[in-house]
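This document starts with one chain, in the form predicted alone, laid out as structure tokens.
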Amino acid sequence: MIINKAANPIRVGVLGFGGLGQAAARILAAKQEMSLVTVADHHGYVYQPQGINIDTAISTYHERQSVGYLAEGGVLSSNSIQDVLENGVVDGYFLALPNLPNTFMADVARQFIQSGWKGVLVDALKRTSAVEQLLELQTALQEAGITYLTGCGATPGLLTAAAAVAAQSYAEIHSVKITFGVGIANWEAYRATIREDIAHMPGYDVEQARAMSDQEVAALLDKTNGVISLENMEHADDIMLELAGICDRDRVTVGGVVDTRNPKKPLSTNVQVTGRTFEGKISTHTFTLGDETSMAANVCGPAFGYLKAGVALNSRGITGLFTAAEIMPQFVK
């Protein structure tokens, strides 16, 4: 299918080309207002100003483990992010990178700041502590001319933003409860995401999950029949809603179930916002995502909606760090 792009589409880069990065690329293939011009992975990058052939990029990655092997625009590199910054002309990047170790995304942000690049960055960070690290870079991002939107996936992201809107019915918020269900047919398609989930399990942390081999991950999933159950996670929805003035972070809870052997969701993803109205009544708003929408759709779709919003802000000289609970995403046609 050939899509006629807009006259001046937003030039987008995707950093990280695992399951999430590839899904992001497939979403962009059908968008007129955005054009994927660069992709970077662990071993190389590809830059094509006219737009990347996404099917070719994905097949090359599967066959040779790097887009650097692409005949047109591919470059093998052990420092691919820096090379992309020096050689590509990009309006905004989606950081589809695993935040392993927990300092990684902040380190990437510093790399962008130090490079002198100006534009828009969007991530789908999960952990509260990771967002706190970015908050320390607020002034540096602003002075560098970077508009950075963090926590812009599904949760944090889509569900956090829904909670911020739902909260408007109430005079006081008593609780925000986010419950997610994720179904994937094969965990190996989302290795980094699954490792981040394992890091939330009792008895595990980020470094342990990062150090696990694929065989060790598979052995753990064998013990749980492929299911990961998570409760009271360290999820940045809490700090994002606190920063937005919705409620204190201790009133926000996040948990869910990930089935790594079945594409059908084990339960419906939803957010419940309970509060007291100005009339003194206690009520709960519930926003439920359709079971047919995949994790990739609910993460990458919002990420690009926030990237479009970020480009609009950046063009008006509005820079610095924002969260998905502060800015309304714009739909990308």
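Model, not experiment: these values are computed from the prediction. Just count from 1 along the sequence shown to find any residue number.
Although it is not shown, the form predicted in complex with a small molecule is what the next lines describe.
Mapping the unseen interface onto this chain, R191 counts among the residues with a heavy atom inside 4.5 Å of the small molecule in the model of the complex.
None of the heavy atoms of G320 is located within 4.5 Å of the small molecule in the model of the complex. The shortest heavy atom separation between L97 and the small molecule in the model of the complex is within 4.5 Å. Within this chain, V273 is remote from the site of the small molecule in the model of the complex, having no heavy atom within 4.5 Å. The stretch from 132-140, 209-217, 182-190, 85-93 that comes within 4.5 Å of the small molecule in the model of the complex, counting heavy atoms only, is 182-190.
In summary, among the residues A154, A161, M240, V122, the only one with a non-hydrogen atom within 4.5 Å of the small molecule in the model of the complex is A154.
Taking a 4.5 Å heavy atom cutoff to the small molecule in the model of the complex, the contact residue among L20, A309, A325, I10 is L20.
Using a 4.5 Å cut-off to the small molecule in the model of the complex, not one of I178, M233 and G255 places a heavy atom inside that distance.
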